[in-house]
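Let's start with one chain on its own, the form predicted on its own, as structure tokens.
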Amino acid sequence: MNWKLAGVVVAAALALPAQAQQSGEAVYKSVCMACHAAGVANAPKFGDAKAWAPLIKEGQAVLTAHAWVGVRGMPARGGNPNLTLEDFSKAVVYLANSAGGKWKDPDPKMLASIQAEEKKRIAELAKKK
């Protein structure tokens, strides 16, 4: 084995971020589009202002947290367990803004709000079981 080459490969791997961040549009296209483009299982369609209006009204933290843990027919994280909360949140922003929302990609304060709402939602769901 070429140990010098192996050391370079390991060093390069350690220099990479744990997971590269993705844009909301990229996450939408790779994960969300399968259901939200066609309205599968009553998913609100991309760009459908009427369907998204009550969801947008819930607020960014609440809507994102509910979607993150799974809501109605939607599985947690849109069915992709490898998504980070930040990337998932960007996809929710992209979807909401396609239908008239004026949300911004999450900053640390918004991510903390989403995580607080996530805990509330998990507790609510546990009570229903």
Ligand code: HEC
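From a predicted model like this one, the values you see are computed outputs, not experimental measurements. Throughout, we count residues from 1 along the sequence that is shown.
Below, we refer to the form predicted in complex with heme C (HEC), which is not included among the displayed structures.
Proximity of Phe46 to heme C (HEC) in the model of the complex falls outside the 4.5 Å heavy atom cutoff. Under a 4.5 angstroms non-hydrogen atom cutoff, heme C (HEC) in the model of the complex lacks Ala38 among its neighbouring residues. Taking non-hydrogen atoms only, Pro75 approaches heme C (HEC) to within 4.5 angstroms in the model of the complex. Looking at Asn82, you'd find every heavy atom of it more than 4.5 angstroms from heme C (HEC) in the model of the complex. Using a 4.5 angstroms heavy atom cutoff to heme C (HEC) in the model of the complex, all of Val31, Leu55 and Leu63 count as contacting.
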